[in-house]
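Only one chain is given next, in structure tokens, and it is the form predicted alone.
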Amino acid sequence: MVEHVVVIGAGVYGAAVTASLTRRGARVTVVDAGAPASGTSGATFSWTNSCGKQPRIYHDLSVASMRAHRRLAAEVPFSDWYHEGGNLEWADDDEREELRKKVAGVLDYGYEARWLSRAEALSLEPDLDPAALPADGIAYFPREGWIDPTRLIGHLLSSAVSRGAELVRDDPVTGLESAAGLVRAVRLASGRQLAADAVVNCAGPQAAGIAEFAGLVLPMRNTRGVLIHTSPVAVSVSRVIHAPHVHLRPDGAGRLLLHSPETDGAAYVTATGEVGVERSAVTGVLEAASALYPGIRAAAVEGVRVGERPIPGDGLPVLGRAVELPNFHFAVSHSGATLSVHAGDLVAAEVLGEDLGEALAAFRFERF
């Protein structure tokens, strides 16, 4: 019988798994090398979507996960982390065919999407510069949006702690003790050893290292993402925007969050191990955003964060138990902002003995 579960990682996945386990009556200790949300979950664009995700089973998991976010936000009074304003996307000439294929594909799956003209897009985002928009061919995905991951993690962990969960922060995992084909304990840098009936690996970019402690090889191809936070600016941005050279969304209190795939490569590691970003790249993203919304020209850069995206080797989530170590479970993926609440609940249910073979079959560790 599973009584005590150790969850490794206090990001969106760790918080979601912990909240679900405690809601189901388990005793949980969630441990993190830093503070909750201090890793990837606190440095993510956090776009909730299933826009172009393949194969179909991954798309369906993402759609179910979007529904789970809506349900949770509706159930919690004054929830302030979930924002379903939709997503506008358009492309340069050389990328328009790809966008058309993506929209056709999601429509074939029954996903909500439609094409807008420039005038229709401006009715949704009136502060956009009309000259920055094509005359038509603007894709609109009305059920997409974004979350504030730090606020979501705070809610999930506080609800778990109120049910008896223990949060251990600033104490990295240094090893696992195994015997007779099961994980028996988790060792921490402080010297503490946590006896465990089950362990859930929610360690994001460090998930491969945790798996290695268990004698498992988890292929990962992590990448960096550069996020730029602006100062408050009097510009009406109400939804996620994917333009050819910049992505942006609201970030609370009048601030905006900016990202460009073209800038991710500008992150570098200094001789002292700190991560920096070339100043010219940051300036370029701000200029691209200002070309879309002229009012952004008044904004300053308040902060630049570099997140490490945890991406399993084939790009798909790794969820559920490991066959050769059946009380060791995974909840690791890219797109954790979208998937975490629903996928975390599936993983928690399996930890406590529910049969989720069909739901998780495509995402098992053993596919590697």
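The first residue of the shown sequence is 1; numbering continues from there. Quantities reported herein were computed from a predicted structural model and do not represent experimental measurements.
Not pictured, yet referred to below: the form predicted together with a small molecule.
Asker: Which among 120-128, 265-273, 71-79, 168-176 is in contact with the small molecule in the predicted bound form, heavy atoms within 4.5 angstroms?
Answerer: After filtering at 4.5 Å, what remains is 168-176.
Asker: Heavy atom within 4.5 Å of the small molecule in the predicted bound form: which of Leu316, Met66, Ala33, Ala322 fits that? Just give me the one.
Answerer: Of the candidates Leu316, Met66, Ala33, Ala322, Ala33 is the one lying within 4.5 Å of the small molecule in the predicted bound form.
Asker: Between Gly85, Pro205, Gly105, Pro244, only one gets a heavy atom within 4.5 angstroms of the small molecule in the predicted bound form; which residue is that?
Answerer: Filtering the options by heavy-atom distance leaves Pro205.
Asker: Quick one: does Ala19 come within 4.5 Å of the small molecule in the predicted bound form, counting heavy atoms only?
Answerer: No.
Asker: Whether Asn327 contacts the small molecule in the predicted bound form should be assessed with a 4.5 Å heavy atom distance threshold; does it?
Answerer: Close contact is absent here: in the predicted bound form, Asn327 is far from the small molecule, nothing within 4.5 Å, heavy atoms only.
Asker: Contact between Thr29 and the small molecule in the predicted bound form at 4.5 Å, heavy atoms?
Answerer: Result no; Thr29 lies far from the small molecule in the predicted bound form.
Asker: Taking 4.5 angstroms as the cut-off for heavy atoms, does Pro250 touch the small molecule in the predicted bound form?
Answerer: Taking the distances in the predicted bound form, the answer for Pro250 is no, it never comes within 4.5 Å of the small molecule.
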